[in-house]
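Shown here is one chain on its own, the form predicted on its own, set out as structure tokens.
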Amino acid sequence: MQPTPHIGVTTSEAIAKTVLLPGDPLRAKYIAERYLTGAVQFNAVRNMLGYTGTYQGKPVSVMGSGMGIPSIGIYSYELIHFYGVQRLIRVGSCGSFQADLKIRDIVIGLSASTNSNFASQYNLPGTYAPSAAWRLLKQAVEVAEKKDIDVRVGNILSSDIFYDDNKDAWKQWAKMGVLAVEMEAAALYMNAARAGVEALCILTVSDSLVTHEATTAEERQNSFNQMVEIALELA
């Protein structure tokens, strides 16, 4: 087996069937060191760190996905089609669009609206709605309830734009009930749907476009543990 252009692995056994995908590769390292037993690094190509270990006896991998739809589009595609991954769970940060969604709240993406053109490759005769795998979503909510962790489930926005020329564009999404913005879930959901595998996006609110509160880069890298603990139970 040849490594892909972005994942330097020559055997599919090096990567578990369940992979957690934080955007930041250093968060992948943090998750592996904090939660996985016997974690072994399987990737360092372009410093996109990936690790495989066990969590409560179950094989789990964690790997950075990078920022944005093109990046997670590449990594999720290669994990699915070259390494046989069956469950992909994004664990990342998001910006709140709603006044009652506060810093460090947990959001689970039922669906992912987007301003990306990613879906155009499928030549669909309409507008596609990228959605989570119901089984994973249901299980994640049940795990959160058992752990007494409050979560919000709903529509999120996967945006191609971080610095929007229209500073009020987010308000148009907010009035349609979109909970928060991030930059990857829509591509993950589309790649998974096309391949017939399962995907879910679990997010922690890192900042609010309503109140302008924000966490630091270090806090985003080394905390936000509740969403990870939910995700690990889905392996």
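Sequential numbering from 1, following the sequence displayed. These numbers come from a predicted model, not from an experiment. Heads up, when I say rigid core I mean the largest set of C-alphas that superpose within 1.5 Å between the two forms.
The same protein also exists as the form predicted together with hypoxanthine (HPA); that form is not shown, yet it is the one meant from here on.
Q: When hypoxanthine (HPA) is placed as it is in the predicted complex, which of 93 to 101, 70 to 78, 133 to 141, 116 to 124 ends up with heavy atoms within 4.5 Å of it?
A: Only one stretch qualifies here: 93 to 101.
Q: Does Ala174 reach hypoxanthine (HPA) in the predicted complex, with heavy atoms at most 4.5 Å apart?
A: No.
Q: Might Glu198 be said to contact hypoxanthine (HPA) in the predicted complex, defining contact as any heavy atom within 4.5 Å?
A: Result no; Glu198 lies far from hypoxanthine (HPA) in the predicted complex.
Q: Does any part of Ala193 reach within 4.5 Å of hypoxanthine (HPA) in the predicted complex? Heavy atoms only, please.
A: Residue-level check for Ala193: no, no contact with hypoxanthine (HPA).
Q: Even though hypoxanthine (HPA) is not shown here, does Val178 get within 4.5 Å of it in the predicted complex, heavy atoms only?
A: The answer is no: Val178 has no heavy atom within 4.5 Å of hypoxanthine (HPA).
Q: Looking at Met63, Val60, Ile31, Met183 here, can you tell me which has any non-hydrogen atom within 4.5 angstroms of hypoxanthine (HPA) in the predicted complex?
A: Flagged contact: Met183.
Q: For 153 to 176: residues with a non-hydrogen atom within 4.5 angstroms of hypoxanthine (HPA) in the predicted complex?
A: Heavy-atom contacts to hypoxanthine (HPA) in the predicted complex: only Phe162.
Q: So with the core overlaid, does the Cα of Arg220 end up 2 Å or more away between the shown form and the other one?
A: Yes: Arg220 shifts by at least 2 Å between the shown form and the other one.
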